[in-house]
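Read on for two forms of one protein chain; each stands alone as C-alpha cells, with the labels structure 1 and structure 2.
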Structure 1
Amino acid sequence: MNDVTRRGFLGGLAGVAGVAGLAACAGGSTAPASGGGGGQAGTAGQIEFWSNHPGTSKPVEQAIIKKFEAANTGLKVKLVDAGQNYEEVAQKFNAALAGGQLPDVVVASDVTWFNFALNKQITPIDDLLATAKVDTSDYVDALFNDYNFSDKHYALPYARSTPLFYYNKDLWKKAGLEDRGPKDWDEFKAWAPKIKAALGNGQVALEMADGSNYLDWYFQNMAWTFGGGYSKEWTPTFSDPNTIKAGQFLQGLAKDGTVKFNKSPEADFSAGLAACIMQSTGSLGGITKDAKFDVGTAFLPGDGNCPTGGAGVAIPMNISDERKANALKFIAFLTNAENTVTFTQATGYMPVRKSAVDLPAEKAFLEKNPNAKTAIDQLAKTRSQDNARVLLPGGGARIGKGLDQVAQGQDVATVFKGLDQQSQQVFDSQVKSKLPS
C-alpha cells in the first residue's frame, strides 16, 4: 500500500510539474533565454510595476500608465498593489528575491533602496539611461543624486518630498512678526518670547514630530544649520561639537516649553494649537483644507539646509536585459516633466524635473497655490541626507530614539556619543564588508 501511495504521489507531482512547465512555456516562449529561475520569467512586453501608490496616487498612476501604453504599442504595464507603505513594498520585494516572480519596476524609499543596491538586487541605471538617451541633467540634482552609490545611480526620483516650515499667519500677526519664516534658528529663538506672548491657553510656539515619527528627518535641518550633521560619508559625527550644540538647542527649546513633541504635529497645527511646525510638503493639501486660519509657508530656518525625502522607482537586477530596457522606458516616462507635474499636483509631492515648473499647467497651478510654490522654490536648496540616517540599516529609528532621549532631558553629549558608537557598529557589521574597496 505504501508503494502505491508513493507512486501515486510521485505521479501526481509529475503531473503538477508538467502543468507548471507548460505554463512557464506559455509565459516565456517569446522572452529571451533567461537561464531559468522563477525570478527571471515574465511576460514579454508586460511591465510589472510594484507600488504602494504614495499619497493615494493609484488613479494618477493608472492614468499615466494608460498614456504610456498608448505611446508604446506592444508594451503593457500591470500595476500591482505591493503594500500600504514603503516598508511593506520592501518586504514584498524581499520575498520575491527569495524565489518569487520579480517585478520590472519597484517603488523604493530613501531608506529602503540602499540595502537593495548594496546587495546587488536593484540594477544601476546609468547605462540604461544612456542607451535610452534620457537627459538626466533635467532631474533635480539633489533628488537624482540621492540614489548615487559608488558613482552609479540606482533609481529615478518619483514621489519626493521635503520638510517645510508652516506658520499660523494670524498668530504671527498677533505676535507682531513679519509675514515670513525665521532666517535661522537663532532668529526663531529671538522670536519665541513674542510668539509665546501671543499664545492662548493650550497653544504652543513650535511643534515637532517625535522620534517615532521622523524627528530624525526634521532635526537634520537643525544639525546642519548649526554646522553639524549625522555623518560625513560613513563616519558618524554625532559627537561633533556643532551637532551637540544643535542637540542642546533642541533640548533648550523643550526645557523652556517653546517646542512640544507630538505624534502628528500637522493635526495640532491645523487645529490652531501650534503657532508653527516643521512638516513634510506632503501635508500641505491636508493642512490647507483643515486649517481655519491663514496658513503661511516658508523655507526651513537655515538657508539651504533642507533634507529631501520620499521614494524613487528602481529596476531589479536579476531580470533579462530586454525587461530592464522596457522597465527603464516606463520609469523615464513616469518621471518625465509632464507626468511629474500630473503626479505632484494630485499628491503634494515635488516635481522631480527642473523643466516641470516651466510647463503651463504647473505655472497655473503655482499661481493658484503660492504655498506649493514655496516648496518648489526650496527644492533648489535641498541637500542629500546623511548616510547615518538613510543608508545605515535602522538609522532613522536609532536617531529618533536618541532625539527622544535628548528631548526628555538626558545629557546630549552622552546620548550622541552612544549614537556614534551604535552607528559605527552597524556600519562595521552590516555595511563595510559589502562596499567596493
Structure 2
Amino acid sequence: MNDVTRRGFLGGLAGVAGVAGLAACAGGSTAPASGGGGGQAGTAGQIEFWSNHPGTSKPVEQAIIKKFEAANTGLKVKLVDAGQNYEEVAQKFNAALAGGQLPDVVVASDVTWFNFALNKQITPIDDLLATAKVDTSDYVDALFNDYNFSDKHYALPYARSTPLFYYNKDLWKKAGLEDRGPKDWDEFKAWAPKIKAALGNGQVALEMADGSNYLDWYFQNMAWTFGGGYSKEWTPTFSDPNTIKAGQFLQGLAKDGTVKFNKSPEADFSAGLAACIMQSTGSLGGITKDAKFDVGTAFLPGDGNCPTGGAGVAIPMNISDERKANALKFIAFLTNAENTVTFTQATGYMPVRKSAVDLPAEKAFLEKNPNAKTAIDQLAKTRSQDNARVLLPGGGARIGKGLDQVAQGQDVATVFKGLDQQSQQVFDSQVKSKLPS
C-alpha cells in the first residue's frame, strides 16, 4: 500500500495515561454505499436517532432522550431500532444513502465511520461544535481523535470500549490459580491443564467469539502479543511470521479443546459454562447481573496489547443545516459528563468525558464496582487498531472469516496469505485514490 500513514491523516490516538474511563464493544464491518443520495426524512423539530442500543442500552437511551426533550422545548427525538449490531446499522445507513430516508444521528462503529467519512457521507462536525460552543477538550483525547480524518472530526465518542479478560473466580480457586488474569498467552497455556482439570461436564476453559461476532477484534491482542499484527499503516502483515505464529497458537488451543468459539460467549460465561472469556467491557453490566459466581476481570494477556473499540455518533452529510445543528445539540447532550456516567454505569462502556470521573456519582460507583476499575487502569495501555481491520472496507468481516477457517483447521499460512492479498486489493481499488497525497 502507499506510504500515507494513519497518524498523518487521523492525527493518531493521543496518550491517555491518567485519564480514567470504563470500556466497551467492537464494531462490525461494511463496504461504503455507492450512492450519495438520501432523502430529507426528518423535520426541523424532530431528531431521528438510529441506534443498535449498544450493551442493551435502549432503556438508558430513552431516559437520556426524555431529559433532552425536557431541556430543549420544541425538539423531539425519535429513537429507531436500526439493527442488532453495528454491522446492521451500517447496512441500514448504506441503504438510506442510496436513496432512502436519512436519519439525523447514526451510531457509527470503529470499523464503519471511516468509510463513510472517506466517501463524504457523514458531516465533519468541527464547525458545528464551535458554533454550539461545545468544549471538545473535555472529551478523552484518544477517543475524540479516533474520528479525525484529514484534520476534521466526523463523530463524537459514545459507546466506547476495550476488551477485558473475564474469569470465574470459583473455577480459578478450584484450579489452584492466583486471583488474577494471565500475564501473557504462554502463561495461559501453562495454566490450561489446571483449568481443564477443574472443569465439570459441559464446561470449557476459554470461550471466544466466532469470526462473525468480532473474533477479529479480540485476536488483535493475540497477534500483537506474539509480535505480529494485521498491518503496518496500510501494508498488510498477515503473512508476517509472528502473525502466523499467533494464528497457529489460536489453532492449537482449538485442536486441544482449550477454546470453544461461540456467537455469544458472555452468555455461556455467565451461566458458568466457560472458565474465562475475552469480551467487551460493554458486557460488564450484563455479566455482573447474570453471573451466579464471583466474577474477576483483568487486563488482556500481554502488556500494552489491548485494542480500543466501540462506536461514536455521526451526522449524515446530506441533510439540512438546521437538522445538522439540532443533531449536534443532541449528540453533545448525549455524550456530556452526566449522561456518559449514566450510560456507562448501565452498560460498562467507557466514560467519554474527562470530567465524568470527578462526578460524585461516578466516584461512588467505582468504589462499589472494582471490576469497572480494571478497564480504567487498562485504558492507558491500549493501542490504535490496525488499519486492515478498522479502515479498510469490510476489514472486520474479512478477517473474521479467515480466523474461522483457522479455527476449523485450515493451514494458517495459506489463509493469512489470502488475507494479505484481499486487503491489498481493497486498499488499491477503494481507498488509495481517496487518501490525501
Partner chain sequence: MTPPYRKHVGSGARLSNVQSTQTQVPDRSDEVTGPPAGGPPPPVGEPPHRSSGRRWEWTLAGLLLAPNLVLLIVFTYRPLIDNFRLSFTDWNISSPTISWVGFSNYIEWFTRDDTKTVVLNTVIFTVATVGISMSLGLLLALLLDQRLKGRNLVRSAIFAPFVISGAAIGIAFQFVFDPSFGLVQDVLARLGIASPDFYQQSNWALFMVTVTYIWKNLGYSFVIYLAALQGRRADLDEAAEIDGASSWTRFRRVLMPQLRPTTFFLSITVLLSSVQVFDIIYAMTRGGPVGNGTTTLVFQVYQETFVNQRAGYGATVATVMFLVLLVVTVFQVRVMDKGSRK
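Note that the coordinates shown come from a computational prediction; the quantities given were computed from them, not determined experimentally. Superpose the two forms; the largest set of C-alphas matching within 1.5 Å is the rigid core. For residue numbers, the reference is structure 1: its sequence is counted from 1.
Legend: structure 1 corresponds to the form predicted in complex with its partner chain, while structure 2 does not.
Once both forms are overlaid on the rigid core, the distance between the two CA positions of P124 between the two structures is 2 angstroms or more. Here A98 counts as shifted, since its C-alpha moves by at least 2 Å between the two structures after the core is aligned. Of the two rigid parts of this chain, the smaller turns against the larger by 21 degrees between the two structures, per C-alpha superposition. Superposed on the core, the two forms differ at E338, whose C-alpha moves 5.2 Å between the two structures. Once the core of the two forms is superposed, the Cα of A361 has moved 3.3 Å between the two structures.
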